[in-house]
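Next up is one chain by itself, shown in structure tokens, the form predicted on its own.
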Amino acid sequence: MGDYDAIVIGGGHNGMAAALYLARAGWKVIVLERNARTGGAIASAEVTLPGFVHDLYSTNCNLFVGSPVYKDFGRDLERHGLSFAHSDKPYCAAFPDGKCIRVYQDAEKTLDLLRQHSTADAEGFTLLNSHFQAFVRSLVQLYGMPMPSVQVPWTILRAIRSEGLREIIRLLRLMISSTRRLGEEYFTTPEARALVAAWGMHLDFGPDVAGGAIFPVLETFTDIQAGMSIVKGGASNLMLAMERLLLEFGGEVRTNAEVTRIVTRGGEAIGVQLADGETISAGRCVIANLSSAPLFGKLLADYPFTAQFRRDIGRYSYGPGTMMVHLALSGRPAWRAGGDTDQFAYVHIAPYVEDLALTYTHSLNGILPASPLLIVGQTSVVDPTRTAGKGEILWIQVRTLPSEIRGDALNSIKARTWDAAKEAYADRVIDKLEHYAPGLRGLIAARAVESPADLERANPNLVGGDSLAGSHHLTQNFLFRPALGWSRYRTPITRLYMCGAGTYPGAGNNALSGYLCAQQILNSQKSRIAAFRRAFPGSKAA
């Protein structure tokens, strides 16, 4: 045995989830994190004013609340300080003329307001909801299975028996549709079509990319059922709770511990080497909570993989970049849309499908978009503890942006590096937001900007500032994530596993890859023990 049974490289939530399951099973586990604290893309800090706690990257924790990890460890995590602030007004979409489509944790209220906007859209919304319900009853469990899996065909056969072949074919067609096609099939007005298309851009699904439709459908109707939840007091409290629980289980966490090499012998992972030269041994496995580029391109750059594997993993691609703009305000925005817009967890500002399509194309071509999608999180409205009544916080995710700047759609920003361009581009973001919330600029007490380059510096998994750690297009999802033949968390190196957003089911605070990776490891261990005992009856060890 080595120093530890298992080493986890990277203290993001998937790595921590895997560590929790192994530690609970009695394994001696250590998590190594290069930064000063665990969390990865789940982090919070006071980056504008003292006492203003901003979620730096991701904020919506609905997927975690619905995950098997929360089901298994929720009460323990709550003992260690985790709690959620909840909004029954999950999101809305605002438009230049003051219109606004609002989605509540109340199906009838949402539908009534949509009916006032357009009876045809309300009918389409109702029909789409019926397909969502059928999907939840029959196919949604696919997202919690490793890919490929013998369970998949049986799940589809059961779905056909319960919902009928025609409905399952409709659902499979919906799963591969683009968000533009989705909007055109179910809605008549540009506002309703933009309502769903904006969700596709949270991932890297421009309006015309196949496979983009399913996430908006799931997000829209899940929000109606569950509202939206964020971590009370800051996203880092989730990671602190996971860390404390791991310590309770006997695990260890070491921060400021950058792994520079995975140590192998005879085709097996036997440990890691740190930046300071220290080597730590692993008796059973190493789990890399990393995406393909930092894992295979850096930590295993010299390993003699086959040419075929190098080609396959080399095709792994990263999507467009993301900017984060954090605002500390002296008061709530006065939205042009009026009403209760200032009470929603998210306000989407696209405004229309055509704008999203142009933004997406420009970002892929290296052009700074003239009018990017703004996902405006009204953090302190959902969780007033974030400012202790001293003001308001806006969390603005800007999607999508080029990783490398080659030009500017408005030809006003001449800089070609993000370090030089980020403040000017953040000004453009504020200019757009000002149109939808007049007077906003006068409310800004402080701001902090994180460019795509800043995101990658903070987290090497976010190559090029891709906040998703890799494209989710159909050619790089399901059994193709990260590469065909390697979607079940194993790697060509024995005892080296991979989890995180770069593995199935991808990005999002769902902790599923960490969960599935741990189950794979524990089930393999059980199989080895069972085989040993069959070969050596009466033995108590394996």
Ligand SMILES: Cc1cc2nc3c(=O)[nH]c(=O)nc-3n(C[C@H](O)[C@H](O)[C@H](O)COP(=O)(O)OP(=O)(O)OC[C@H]3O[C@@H](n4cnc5c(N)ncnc54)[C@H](O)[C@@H]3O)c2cc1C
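Residues carry their position along the shown sequence, with the first being 1. Since we're looking at a predicted model, the values are computed, not measured.
Not on display, but discussed next: the form predicted in complex with this ligand.
- [ ] Note which of Pro460, Gly227, Pro402, Gly211 lies within 4.5 Å of this ligand in the predicted bound form, where distance is taken over heavy atoms; exactly one does.
- [x] Residue within 4.5 Å of the partner: Pro460.
Task: Contacting member of Val29, Met498, Ala41, Val53, with respect to this ligand in the predicted bound form [4.5 Å, heavy atom] - done: The residue in contact is Ala41.
Open item on the list: Using a 4.5 Å heavy atom cut-off, which of 382-390, 288-296, 83-91, 174-182 contacts this ligand in the predicted bound form?
Closed with: Flagged stretch: 288-296.
Open item on the list: I'd like to check something about Gln397: if you look in the predicted bound form, is any of its heavy atoms closer than or equal to 4.5 Å to a heavy atom of this ligand?
Closed with: Gln397: contacts this ligand in the predicted bound form.
Task: Contact flag, Ser58 vs this ligand in the predicted bound form, heavy atom cut 4.5 Å - done: Ser58: yes, in contact with this ligand in the predicted bound form.
Open item on the list: So in the predicted bound form, is this ligand close enough to Arg488 to count as touching (4.5 Å, heavy atoms)?
Closed with: Arg488 lies outside the contact set for this ligand.
Open item on the list: Can you work out whether Val259 and this ligand are in contact in the predicted bound form, taking contact to mean some heavy atom pair no more than 4.5 Å apart?
Closed with: Residue-level check for Val259: yes, a contact with this ligand.
Task: in the predicted bound form, residues of 464-499 near this ligand [heavy atom within 4.5 Å] - done: Residue within 4.5 Å: Ser467 only.
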